[in-house]
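The chain that follows stands alone, in the form predicted on its own, written as structure tokens.
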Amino acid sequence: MSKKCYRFFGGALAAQEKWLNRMAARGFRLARTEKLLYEFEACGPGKYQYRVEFVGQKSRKDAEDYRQFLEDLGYRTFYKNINLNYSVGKVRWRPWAEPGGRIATNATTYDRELLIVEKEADGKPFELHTTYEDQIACTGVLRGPWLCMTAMFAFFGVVFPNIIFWVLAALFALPALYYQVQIWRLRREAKTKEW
């Protein structure tokens, strides 16, 4: 995932990726993940690199296909949760997701929203999304939840006139606008590179 793609995602992806890369630089390789825990094993300092990608919008099949594709390229992958609860039988509605990923349950993509990708450090850049088309799609995925929340609070503001709903809609609109500006910038750069 391009750094441009998730810079504003609450810092969660960037912070997690930075932390995993710091651990690798100190000589610790990710061995296993659980809801709250990460398990590491000793390795040579700086031997591995990590990228973290949000895949919560995908259906379970698409997420597994993508994971298998990355593993076929020689990467190691780990799923990680975004949520910090231990409930069983959870269901989450994701209206911004692709059709097979809109309902997330324990049997589908709930608690598997992040994909951690490991690559052996070989001196070459490690980016999961290198084309403008991929970066635009990735940024659009991150924009989706913010747009959905903005629309929901704006709707509540119309149906139940209350300033709180409009304030919340405005707050959720800020990240959505940030991502939209990034999409416009990427499209402009892509057109510039075509010439």
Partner chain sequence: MRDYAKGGALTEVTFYILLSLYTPKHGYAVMQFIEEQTGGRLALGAGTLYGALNTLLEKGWIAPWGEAEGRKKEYRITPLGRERAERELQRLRELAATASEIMGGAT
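Numbering follows the first chain given and starts at 1. Computed from a predicted model, the values in this text were never measured in an experiment.
A second form of this protein, the form predicted together with its partner chain, is not displayed here; the remarks below concern that form.
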| query | finding |
| --- | --- |
| Contact assignment for its partner chain in the model of the complex, among 55, 70, 30, 151, heavy atom within 4.5 Å | 70 |
| Stretch in contact in the model of the complex with its partner chain, which is absent here, among 141 to 149, 35 to 43, 123 to 131, 165 to 173 (heavy atoms within 4.5 Å) | 123 to 131 |
| Residue 79: touches its partner chain in the model of the complex, heavy atom cutoff 4.5 angstroms | no |
| In the model of the complex, residue 66 touching its partner chain (heavy atom, 4.5 Å) | yes |
